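Let's start with one chain on its own, the form predicted on its own, as structure tokens.
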Amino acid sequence: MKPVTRAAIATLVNLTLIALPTAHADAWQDKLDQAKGQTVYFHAWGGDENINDYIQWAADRVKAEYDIDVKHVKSGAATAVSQVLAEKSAGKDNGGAVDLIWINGENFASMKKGGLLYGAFTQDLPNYALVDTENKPTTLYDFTVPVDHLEAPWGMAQLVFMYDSELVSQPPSNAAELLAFAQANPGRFTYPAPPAFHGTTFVKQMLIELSEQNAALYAPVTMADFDSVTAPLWEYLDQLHPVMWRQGKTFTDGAPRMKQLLNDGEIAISLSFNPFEASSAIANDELPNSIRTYIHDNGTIGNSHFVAIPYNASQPVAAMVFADFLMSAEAQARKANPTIWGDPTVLSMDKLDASQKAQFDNLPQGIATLSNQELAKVLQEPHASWVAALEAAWLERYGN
């Protein structure tokens, strides 16, 4: 047998490197061909008209581009997960009613643990290569749970406070100052009642601050001394509630109601999980021009949000194509526009070509949007298991 030369090995390596992208492209084209004419039932929260309009735009684009029909089922993630769980209990392991879910960390952890997810798929999506996994670790860990390619990152979020600058000259910079503001301005602050998402997020933010980022928050709640870790939170809320809107005897049911109260001047400080929301709302005449945004000095909770495919989806391949389109530069730039949705991108600007990057460079920022430097302090979400425990404890103390 003739010895294998270095030149022969180099040739073989080069051929392999050429073949891999080609094979990947061929495999993706096979998926596009397979998805043609299929219908994706996309279960996503439908409580915001701007977001609903964006999803419809994306559905129209994949219909035109890939001949895929997307039906927006306006239900929360918990409802969709319950549907999948019910189907599994009934032995319906294929042909399920849910093809794609806009999912949160708590439900992702539940589906992953229960084997309710389709399997790893994002590594096969062409636009996943554009995601900023290096500088945005929340695209790899969802509420501290490894994503493992089981869900596709769709957008970024960070808790921000919105305030009326005509009513608040100096916004609070931490939990203690927020309490002082509420005591000096009774009725001018509130937050949604958990388990409403924004309400639970506010409770988690206060717990992180008041416990000085206790390490126990980043491990399963069953491993912690829950009463001891959360004691500062309940002491704080006991002081805050009596000086809140309607003496804390009534809470709002979510972010839309909070925004309406801020617009009506009933409250002076509200909150959002979208750093662009204030500018977007001003542009859409939902809030006055005097609204501005701030975060606390030590940072605020931030995370990524995702879309996931259930294990028994009827059309998993078409769902992958739609998930890939949602990560495209075109879709991400449109979503980041505060006049459309204003949801921060998961993509890395360094991975985009010039034309793709220009779509982001040309976006309006709006007068109420903080700079990237001002938003740089991001606090990690507690472990997903803390959500249910905190909500149950909050309802036991303050629920009607």
Partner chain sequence: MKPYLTFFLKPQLSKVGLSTSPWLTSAIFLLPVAVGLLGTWLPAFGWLPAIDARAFSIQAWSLMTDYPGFWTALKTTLTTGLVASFLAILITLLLLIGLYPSKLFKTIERNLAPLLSVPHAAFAIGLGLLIMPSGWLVRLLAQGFDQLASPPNIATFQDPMGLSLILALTLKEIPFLLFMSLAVLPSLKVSQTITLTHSLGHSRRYAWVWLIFPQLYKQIKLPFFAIIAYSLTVVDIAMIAGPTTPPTLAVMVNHWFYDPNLELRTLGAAGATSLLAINILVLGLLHLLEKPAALLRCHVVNQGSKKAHRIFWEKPIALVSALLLFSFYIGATLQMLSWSFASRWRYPHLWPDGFSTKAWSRIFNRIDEPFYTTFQLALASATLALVLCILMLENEVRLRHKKRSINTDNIQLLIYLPLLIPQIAFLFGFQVFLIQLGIDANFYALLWSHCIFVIPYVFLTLSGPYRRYDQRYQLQALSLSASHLKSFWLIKLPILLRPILYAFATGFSVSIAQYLPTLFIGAGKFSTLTTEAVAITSGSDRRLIAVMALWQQALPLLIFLFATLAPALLFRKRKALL
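Residue numbers count along the first chain shown, from 1. These numbers were taken from a predicted model, which means no experiment stands behind them.
Just so it is clear, the following notes concern the form predicted together with its partner chain, a form of the same protein that is not shown.
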Legend entry - Residue contact check: H43 to its partner chain in the predicted bound form, 4.5 Å heavy atom: yes
Legend entry - N284, heavy atom within 4.5 angstroms of its partner chain in the predicted bound form: yes
Legend entry - Close approach of P137 to its partner chain in the predicted bound form, 4.5 Å, heavy atom: no
Legend entry - Partner proximity in the predicted bound form: D132 to its partner chain, non-hydrogen atom cutoff 4.5 Å: no
Inset, instruction - State the residue from N298, Q183, Q213, S82 whose non-hydrogen atoms include one within 4.5 Å of its partner chain in the predicted bound form. - result: S82
Inset, instruction - Just give me the single entry in N174, S228, N289, Q239 that has a non-hydrogen atom within 4.5 angstroms of its partner chain in the predicted bound form. - result: N289
Inset, instruction - Quick one: find which of 67 to 75, 230 to 238, 122 to 130, 323 to 331 has residues within 4.5 Å of its partner chain in the predicted bound form by heavy atom distance. - result: 67 to 75
Inset, instruction - Please state whether every one of the three residues G47, K88 and R246 places a non-hydrogen atom within 4.5 angstroms of its partner chain in the predicted bound form. - result: yes
Inset, instruction - Scan 235 to 264 and note down the residues that get a heavy atom within 4.5 Å of its partner chain in the predicted bound form; none is a fine answer too. - result: M244, W245, R246, Q247, K249, T250, F251, D253, P256, R257, K259, Q260, L261, L262, N263, D264
